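Below you'll find only one chain, the form predicted alone, shown as structure tokens.
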Amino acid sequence: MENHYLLRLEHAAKTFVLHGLGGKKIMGFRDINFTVRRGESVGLAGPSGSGKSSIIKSIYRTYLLSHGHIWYDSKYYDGIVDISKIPERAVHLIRTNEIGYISQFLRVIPRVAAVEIVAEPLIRNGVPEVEAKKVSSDLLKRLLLPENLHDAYPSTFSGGEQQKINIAKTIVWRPRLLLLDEPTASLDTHSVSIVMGLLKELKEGGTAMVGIFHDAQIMNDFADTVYNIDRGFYVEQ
């Protein structure tokens, strides 16, 4: 792998085995190949069930590949690793320090304030608590979450408000690689515009991204390259 690539999928494939149905096999995706450079954004498009989310989850190592490789140029490990093959402990360290993932859902933590959820990755990486909460509160304000909600528990929030926290806690620490699975689905038009502006700032700072957006206009605004996928296969670039 050439060092100027941050991420490369090489003949990546995933087959799901349905043990409850006698071991029936379902193909998630097959022979996926693409690269992502630093500061580049790649979009995955296609109908529901085409394998897009499974590709994202395999990059994050929620799923293990059945075949192929996911090469990642890790700053933490000072070199290239195959995310699909490294031990779970190494995956955890890379997730914690380098790769962010935003899905459509926030895992709500009971009795933890919104600003504390957002500040946690900054504090974990050595930022003083007062400063981390200030940065987090400013980001939540940019996302139009009222200041009087910053100390409230997200379990009481609307779906859109929870998603703003989900986005904020992932981008606040500026990961090297950001994975996005429909992050704007539950947001109003104005909030979507703000989120896309924040993603642009991250990209300009060098963050690479792989994202799924069903809205064609949002996808076009986001992606340098779009790969269209259907039934687990490339259709076109």
Partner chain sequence: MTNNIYNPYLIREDEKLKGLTEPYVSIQNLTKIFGPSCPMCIEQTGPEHETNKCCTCGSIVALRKISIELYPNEILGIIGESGSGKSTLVRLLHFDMDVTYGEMYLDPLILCQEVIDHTKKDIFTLSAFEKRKIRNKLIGIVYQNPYMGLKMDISCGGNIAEKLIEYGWRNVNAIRTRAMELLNRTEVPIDRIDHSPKTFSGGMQQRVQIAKALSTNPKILLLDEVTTGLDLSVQAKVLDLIKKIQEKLKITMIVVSHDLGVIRLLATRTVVMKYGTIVEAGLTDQILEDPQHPYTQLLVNSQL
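The structure presented is a predicted model; accordingly, all values stated were derived computationally and were not measured. Residue numbers count along the first chain shown, from 1.
Unshown form predicted in complex with the partner chain; subsequent notes refer to it.
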**Item:** Segment that reaches the partner chain in the predicted bound form - one of 28 to 36, 42 to 50, 58 to 66, 185 to 193, heavy atoms within 4.5 Å
**Value:** 58 to 66
**Message:** Residue-level contact is defined here as any heavy atom of the residue lying within 4.5 Å of the partner chain in the predicted bound form; does V130 satisfy this criterion?
**Reply:** no
**Prompt:** Are any of the heavy atoms in E116 no more than 4.5 Å from a heavy atom of the partner chain in the predicted bound form?
**Reply:** yes
**Asked** Hey, in the predicted bound form, is Y77 touching the partner chain, heavy atoms inside 4.5 Å?
**Response** yes
**Request:** May I ask you to state whether L18 is within 4.5 Å of the partner chain in the predicted bound form, using heavy atom distances?
**Result:** yes
**Message:** Please tell me whether the candidate spot formed by K14, H92 and G205 is one where all three residues come within 4.5 Å of the partner chain in the predicted bound form (heavy atoms).
**Reply:** yes
**Fill in**
in the predicted bound form, the residue from I99, L122, L145, I102 with a non-hydrogen atom within 4.5 Å of the partner chain is L122
